[in-house]
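A single chain, nothing else alongside it, follows as structure tokens in the form predicted on its own.
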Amino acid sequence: MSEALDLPLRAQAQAIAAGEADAAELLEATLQRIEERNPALNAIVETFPTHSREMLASAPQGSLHGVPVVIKDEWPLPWRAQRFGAADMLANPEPGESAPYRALRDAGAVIVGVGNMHELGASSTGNVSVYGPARNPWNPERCPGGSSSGPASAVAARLVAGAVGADGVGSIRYPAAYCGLTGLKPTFGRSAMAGHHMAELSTTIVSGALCADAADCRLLDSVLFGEELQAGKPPALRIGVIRDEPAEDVAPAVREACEAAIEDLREATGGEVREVELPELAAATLATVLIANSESLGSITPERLNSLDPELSPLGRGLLKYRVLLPAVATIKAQQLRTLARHTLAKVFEGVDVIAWPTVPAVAPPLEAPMVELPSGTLTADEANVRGGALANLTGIPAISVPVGSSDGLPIGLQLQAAWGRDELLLDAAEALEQANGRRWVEAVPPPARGAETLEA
């Protein structure tokens, strides 16, 4: 059954539907592989074979019938409460039927495990968690990206072919780039969110798929969207590029790979590259961080802050306490900047179909010291990454990260962003780019997925 386990998500579904693969055998093979490969990666923090087998036994004949998947530690399951990778998350999590769980269940999928995540979803690196950090399968001493660290690591190592992550400030796209995957951040409000403790409050967080390629993302996101995302041939794409930090202040190898990929996409679609301006971009980054932090203030009281679990990291404790210091005028200004940014993007998308720049400015940094060397100097990965990831969350537009190269044995990702509701166009563009480069990067796999069953942690 290892042959079926190594198939793409859509091929697993097709093989089961055609009777060419046995779903029960695939589930057992997946659990065995997790047992073998996961200890060195810490990608999956909990499996529950009995519940997984029960899901399979009652699985309907949906689009993912019998296919094993992983879900981020950000939603409850009927038998398990979410923890957000933290010893304390202020909320009182309880088991339950979250919307992503119901969507997966109704599609016939089998949830085999919960993916690790950066503590409180508060970083782009994945190097801090109550469970210990998840590790990058390409190099276990490197960050897998955050906060959807475990889902990305699990898919990259081929523990499963697809996983559900969440993106509040780039948290699907960063790990997709670091781990060499395709990750779609949907248009805000389009994907399943109910059951998330911020579902009724957040204006930035969305659920989304992490998979090897765009076609698998299309299938899994169709389940999360509750509608089929139709595939099509992209038009002659008008590709917008900028001359600003997300595109310019990047490591030379990243810049070279992304510029080459943009040219490949232009040529593949018969399109053109146009330079665009986003004058609010730098301020929009700060506005996103302010909004994302201020939206959870309702659950914070001085008494609660003084009773935080001692296992919560100093950074996590500091982050929660920092939020109560945010001045109201700053959050008001952030909302004003959001409005300006939306108006600007609406005008920009009249002249271009997609905007392209590197997903992250450098390859995955070390777990022990997540710093990156850029032309502007040495920065923390978080302050560098957010410059390219925040705009989509602030404004609600969809964005996708696609693998386009490598440096020092680590993947490089290109981000494409489109107008509201044009998620399908991004998937079409990603598939066109895959074909243009011969699927070289989406089919590249890290050492544990080449048959090396263990890694030195």
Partner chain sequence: MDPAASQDDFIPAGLAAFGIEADEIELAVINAAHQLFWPPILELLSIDTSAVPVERNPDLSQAPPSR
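Numbering follows the first chain given and starts at 1. This structure is a prediction, so every number in the text was calculated from the model and none was measured.
Quick note: we don't show the form predicted in complex with its partner chain, though the next part is all about it.
**OP:** Using heavy atoms only and a 4.5 Å cut-off, determine which of 230, 299, 376, 336 is in contact with its partner chain in the model of the complex.
**Re:** Spelling it out, the residue with a heavy atom inside the cut-off is 336.
Subject >> One residue of 278, 319, 87, 99 in contact with its partner chain, assessed in the model of the complex (non-hydrogen atom, 4.5 angstroms) >> reply: Of the listed residues, the single hit is 319.
Original post:
Might residue 327 be said to contact its partner chain in the model of the complex, defining contact as any heavy atom within 4.5 Å?
Top reply: Flag for residue 327 set to yes.
**OP:** Please run the contact check for residue 343 against its partner chain in the model of the complex: heavy atoms, 4.5 angstroms, yes or no?
**Re:** Yes, residue 343 is a contact residue.
Original post:
Does its partner chain get within 4.5 angstroms of any non-hydrogen atom of residue 188 in the model of the complex?
Top reply: Contact check for residue 188: yes, within 4.5 Å of its partner chain in the model of the complex.
**OP:** Give a yes/no on whether residue 139 approaches its partner chain to within 4.5 Å in the model of the complex, heavy atoms considered.
**Re:** Output for residue 139 is no: heavy atoms all beyond 4.5 Å of its partner chain.
Original post:
When you measure heavy atoms, are 79, 114 and 407 every one within 4.5 angstroms of its partner chain in the model of the complex?
Top reply: Not a single listed residue reaches its partner chain in the model of the complex, so no.
Original post:
Where does its partner chain sit in the model of the complex: which of 359-367, 305-313, 240-248, 70-78, heavy atoms within 4.5 Å?
Top reply: Going through the listed ranges, the match is 305-313.
**OP:** Using the arrangement in the model of the complex, list in sequence order the residues of 264-285 with any heavy atom within 4.5 angstroms of its partner chain.
**Re:** Just 283.
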